[in-house]
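Only one chain is included here, represented as structure tokens and corresponding to the form predicted alone.
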């Protein structure tokens, strides 16, 4: 029977520090959710209110905004579309970078890294001018394409690491058994990329779902806007409606939370492995 080791001062200090950090990160989420269930008078109270009678009036106000379901539909279209396109293109690109040797390969890797590090906000004006000159303002397809380009560098870089980590001997053995290179990729390599696909899908979903600047500048027509602009609409003649804002923020965060819970087992391993292998 194994004996339990006594806790040392160092271990207690580490656990206490971890607990404090966890509370610091969790408290804003708790406050957002609890505020979404409070009446406006208690939200604006001088003293913090921790015990209250919940009300769902704020959620009714948030979802009662004109075109709410249009915003939801647009957000899902641009987010899911950008992620799927990025995965499709990145699979081919990362396989070529990881497995093939060709002139300019290192340059392509460098460009991918630079694109990942560049802040996309600096491109807003250029994107607007291009869209305006080509009569593509207020376009959901254009927004999807922009989000796809934003997500693509990270997706290529991460999947490249996963493909490089798969022993090339497995692919060669499949080819010896009669598979073409494409069949070897589909039957041998692709099933082993699940952690990478999950982690890049999660990152891409969060990036596209939360993006604000591009849709604010490019899509002035409300029928082509996304939920990030819906969050800015809760203002009245008497000031900000913080209850509706907190309710909207809670609803806005739910899809990301659901996606994370669905992908977490694979995604956590992918985030710590794919970017450092190869």
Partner chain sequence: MTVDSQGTATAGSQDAPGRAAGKSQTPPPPSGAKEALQPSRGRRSLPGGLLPYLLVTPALLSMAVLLLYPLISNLILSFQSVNRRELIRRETPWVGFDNYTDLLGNSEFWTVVLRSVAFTAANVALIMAIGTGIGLLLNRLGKKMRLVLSLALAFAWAMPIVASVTVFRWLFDEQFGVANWLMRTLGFSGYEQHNWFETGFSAFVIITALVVWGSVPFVALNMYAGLTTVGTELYEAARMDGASGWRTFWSVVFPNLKPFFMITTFLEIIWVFKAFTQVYAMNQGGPDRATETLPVFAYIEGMSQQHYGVAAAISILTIVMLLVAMSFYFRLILKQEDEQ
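Residue numbers count along the first chain shown, from 1. Note that the structure is predicted; figures quoted are calculated from it, not measured. C-alpha atoms forming the largest set that superposes within 1.5 Å between two forms make up the rigid core.
There is another form of this protein, the form predicted together with its partner chain, and it is not shown here; the text below is about that form.
For residue 37, no non-hydrogen atom is located within 4.5 Å of its partner chain in the model of the complex, even though that partner is not displayed. Although the partner is absent here, residue 64 lies well away from its partner chain in the model of the complex, with no heavy atom inside 4.5 Å. In the model of the complex, at least one heavy atom of residue 242 sits within 4.5 Å of its partner chain.
Shown alone here, residue 54 lies farther than 4.5 Å from its partner chain in the model of the complex, counting heavy atoms only.
For the candidate spot formed by 45, 135 and 145, every residue has a non-hydrogen atom within 4.5 angstroms of its partner chain in the model of the complex. With the partner omitted here, the residue from 80, 179, 188, 93 that has a non-hydrogen atom within 4.5 angstroms of its partner chain in the model of the complex is 93.
Looking at 133-167, the residues that come within 4.5 Å of its partner chain in the model of the complex, counting any heavy atom, are 133, 135, 142, 145, 146, 148, 149, 150, 152, 153, 154, 156, 157, 158, 160, 164, 165, 167. Relative to the superposed core, residue 41 undergoes a Cα shift of 2 Å or more between the shown form and the other one.
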